[in-house]
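Only one chain comes next, encoded as structure tokens, the form predicted on its own.
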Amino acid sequence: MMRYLGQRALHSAIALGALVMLVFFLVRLTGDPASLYLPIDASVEQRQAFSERHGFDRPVLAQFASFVGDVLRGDFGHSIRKDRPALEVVLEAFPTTLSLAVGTMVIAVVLGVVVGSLAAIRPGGMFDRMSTLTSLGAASAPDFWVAITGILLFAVALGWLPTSGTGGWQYWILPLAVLSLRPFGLLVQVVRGSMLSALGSAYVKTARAKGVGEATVVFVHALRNSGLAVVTVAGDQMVGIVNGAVIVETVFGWPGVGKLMIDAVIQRDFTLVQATILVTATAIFVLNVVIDLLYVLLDPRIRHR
């Protein structure tokens, strides 16, 4: 196991290094930060002083070498816009995104497993057809369209929910509902397919022949053997939410990592963009390792291989 974790860490470090290099050079194509932070009539001396203060006066390769050396020492630099350590700013926003992702996946997994399991009991029945139609619609609906429609309906027209920001439980409803749709739809289809295969297997027929209750057969025997498929989809969606909740966070003004990164790109806060990418990529690596460990716990055959 330790050897496997070491290999994953090495591969992830190589990928992370390539990503950091790509982001470092691409973000500088957005323009000179001095033209955004200084007045239009700023003198050449003022622009030179700004560049020297933030290290932009040196060649790009020298800047990159300094950045890598600072990161290896745990220094991610200072945010230009906020005038604070960039890592501190990212770590303040990251729990908000993580809590939104965890809440989304709890809702999606619970509803997806229940609906998918019930749909598999009677394939072709009314509930199966309705759940298939609903799940396909949920998995296909664009996040930005659902988010804007939800704001127009529940916040503007009905006035039941706030339009954006954070606060009480009311602020969580729309972001959680929008982000839960896609993983819910995918999980219903995956669980239904896995359960149909499991319910037709020999061990389920044996359990039924022994008089085991239908609920125990479905939600204990069959569902347990569908766990790998659930973990695979749920883990992939969790990673996707942590990495890509940019649209939902921007629409709802959610102060998470996604919105922070968009604001940093618009404001040409290079240091903050780089810190955001690094922290997010590291979190995704950790999540992938956790998913692999769950595979081992759910299926001992993987451990032996």
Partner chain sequence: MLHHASVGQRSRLRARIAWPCALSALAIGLGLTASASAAERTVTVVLSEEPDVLEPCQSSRSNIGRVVKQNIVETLVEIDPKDGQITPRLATAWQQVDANTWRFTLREGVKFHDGAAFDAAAAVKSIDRTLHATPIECEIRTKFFGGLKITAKAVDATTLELVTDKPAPILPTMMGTMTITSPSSPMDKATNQPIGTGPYKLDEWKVGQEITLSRFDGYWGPKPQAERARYVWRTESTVRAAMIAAGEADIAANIAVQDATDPKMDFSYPNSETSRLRIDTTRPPLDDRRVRMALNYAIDRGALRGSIFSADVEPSTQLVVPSINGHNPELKVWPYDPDKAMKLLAEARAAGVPVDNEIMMIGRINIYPNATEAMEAMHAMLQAVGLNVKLKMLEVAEWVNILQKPYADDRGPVLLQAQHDNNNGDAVFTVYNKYHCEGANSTICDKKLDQTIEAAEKATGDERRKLWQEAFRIIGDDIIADVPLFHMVGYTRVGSRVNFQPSISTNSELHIEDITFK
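Positions refer to the first chain, counted from 1. So that the term is clear: the rigid core is the largest set of C-alpha atoms that superpose within 1.5 Å between two forms. These figures come from a predicted structure and were not determined experimentally.
What follows is about the form predicted together with its partner chain, which we do not show.
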Check your understanding: Which pick from Val251, Ala275, Met261, Ala245 sits with a heavy atom within 4.5 Å of its partner chain in the model of the complex?
Key -> Val251
Review point. Is it the case that Ile14, Ala18 and Met21 all touch its partner chain in the model of the complex, with a non-hydrogen atom of each within 4.5 angstroms?
Key: no
Check your understanding: If you check in the model of the complex, is Arg53 within 4.5 Å of its partner chain, heavy atoms only?
Key -> yes
Check your understanding: Is the gap between Thr134 and its partner chain in the model of the complex 4.5 Å or less for some heavy atom pair?
Key -> no
Exercise for review: Please check if Pro255 has a heavy atom lying within 4.5 Å of any heavy atom of its partner chain in the model of the complex.
Suggested key: yes
Review point. With the cut-off set at 4.5 Å between non-hydrogen atoms, does Arg84 touch its partner chain in the model of the complex?
Key: yes
Check your understanding: Of the listed stretches (69 to 77, 155 to 163, 175 to 183, 110 to 118), which one has a non-hydrogen atom within 4.5 Å of its partner chain in the model of the complex?
Key -> 155 to 163
Exercise for review: Counting only non-hydrogen atoms and a 4.5 Å cut-off, give the residues of 43 to 57 close to its partner chain in the model of the complex.
Suggested key: Ser43, Val44, Gln46, Arg47, Phe50, Arg53, His54
Check your understanding: Fitting the rigid core first, would the Cα of Asp236 be found 2 Å or more away between this form and the one not shown?
Key -> no
Practice item. Using a superposition on the rigid core, decide whether the Cα position of Gly31 changes by 2 angstroms or more between this form and the one not shown. Key: yes
**Study point:** Threshold 2 Å Cα movement between this form and the one not shown at Ala264, rigid core reference
**Key:** yes
